[in-house]
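Take a look at this single chain, the form predicted alone, given in structure tokens.
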């Protein structure tokens, strides 16, 4: 295939407008935890489209939009009714409603095809490669309609940004502030239905469903700010449109079907690839970030466990000058793996421990303060559990060893007050004194 600014450029622009229009309204579906509603409306509007055609005998956009809006609102209403009166989860209610409506639409569309050339596959796969077939004064009708819908969605999001934000995150608060959450909800459902219908003929329902959810979820993984999320979702949709059609042009043998270039399907694939990358590299929710945080937590716990062992060793000897513990003994206790080796180096680098005699470790003054805080938390928790449960003494150490790493200054102060500031734990061992904030 060769590049044509008029043909290929228009295809990319149509795909971008469809994807970006879907991403704007889809972001709020994701935030409201109503991702399935986009899928539901995209399927459920089918009977509305067919009924509008059977009544008007025309595929004009006006009749189709009216049919879609009516059924889109009906889908939202029926979903709420099924969830409320059927006492089922909202996702299940959506599944019930949209499958029934979609089935009705399939029956009706089969009846319609007996009287007129109406291609059911157009609704599923779109007709983006042949959008010039319905050009009006040189400009494809699909391009004009999608531009109007994208502009309408953009104006709605900008004009009601605060209202949509509050109603999405806290419907109860929105009512307190005088914002009609139900009105925002149904306005959003109308726009979802409009966007879906206008996009169907150009890119198909499969792409519409994907663009309503995938780019917003990708953006959601990367940021916690709504404005940035909206911007990123639009950017990802646009990039998917450009890259998908370029891939179709560059590798026609791979991505072209016998009927037409598979731009819509490739756009969904690229959106999925962006999501896959975000799942891995997202700063807070990504797999790499979570793995790093998990490793950092394991390292912190290992460091603190080593400090606790050194403190107890020093406490047992009762002589600070002879409180150096052989490194090999620490490795025997905690294992010879890389985690222990790195923890030992990290403690020396942080000046919490110091080497004595080349092969033993002792606590520095800073390390002693850290160890005291850890042991204090451990023994206060043992005391608290002993006072509030019937656990035998030999069962107190293990739960305290797990909890000690997560007791901050405020919880430590609350524990000390709760157990009446004891001097010793249930085993008779001294609880280190000191104010927790001074040792942080």
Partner chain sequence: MNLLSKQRRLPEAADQHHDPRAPISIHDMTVAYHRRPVLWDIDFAAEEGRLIGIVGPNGAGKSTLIKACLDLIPKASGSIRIYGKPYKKQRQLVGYVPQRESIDWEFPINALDVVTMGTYGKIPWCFPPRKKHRTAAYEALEKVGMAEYAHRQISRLSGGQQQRVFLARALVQDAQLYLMDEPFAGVDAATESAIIALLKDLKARGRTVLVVHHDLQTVKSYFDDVILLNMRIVASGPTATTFTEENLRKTYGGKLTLLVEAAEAIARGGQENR
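Residue numbers count along the first chain shown, from 1. As the structure is a computational prediction, the values presented were derived from the model and not from experiment.
Not on display, but discussed next: the form predicted together with the partner chain.
K.L.:
Any idea which of 30-38, 392-400, 63-71, 371-379 reaches within 4.5 Å of the partner chain in the predicted bound form, heavy atoms considered?
P.N.:
Correct option: 30-38.
K.L.:
Do heavy atoms from each of 160, 179 and 225 fall within 4.5 Å of the partner chain in the predicted bound form?
P.N.:
Affirmative, all three are within 4.5 Å.
K.L.:
Going by heavy atom distances of 4.5 angstroms or less, which of 275, 347, 265, 229 would be at the interface with the partner chain in the predicted bound form?
P.N.:
Of 275, 347, 265, 229, the residue with a heavy atom within 4.5 Å of the partner chain in the predicted bound form is 229.
K.L.:
Select from the listed residues 298, 110, 336, 87 the one whose heavy atoms reach within 4.5 Å of the partner chain in the predicted bound form.
P.N.:
By the 4.5 Å heavy-atom cutoff, the listed residue in contact is 87.
K.L.:
Verify the contact flag for residue 169: yes if a non-hydrogen atom of it lies within 4.5 Å of a non-hydrogen atom of the partner chain in the predicted bound form, no if not.
P.N.:
Yes, residue 169 is a contact residue.
K.L.:
Would you classify residue 184 as touching the partner chain in the predicted bound form, given a 4.5 Å non-hydrogen atom cut-off?
P.N.:
Yes, residue 184 lies within 4.5 Å of the partner chain in the predicted bound form.
K.L.:
Can you check whether residue 144 is within 4.5 Å of the partner chain in the predicted bound form, heavy atom basis?
P.N.:
Flag for residue 144 set to no.
K.L.:
Just to confirm, residue 291 within 4.5 Å of the partner chain in the predicted bound form by heavy atoms?
P.N.:
No, residue 291 is distant from the partner.
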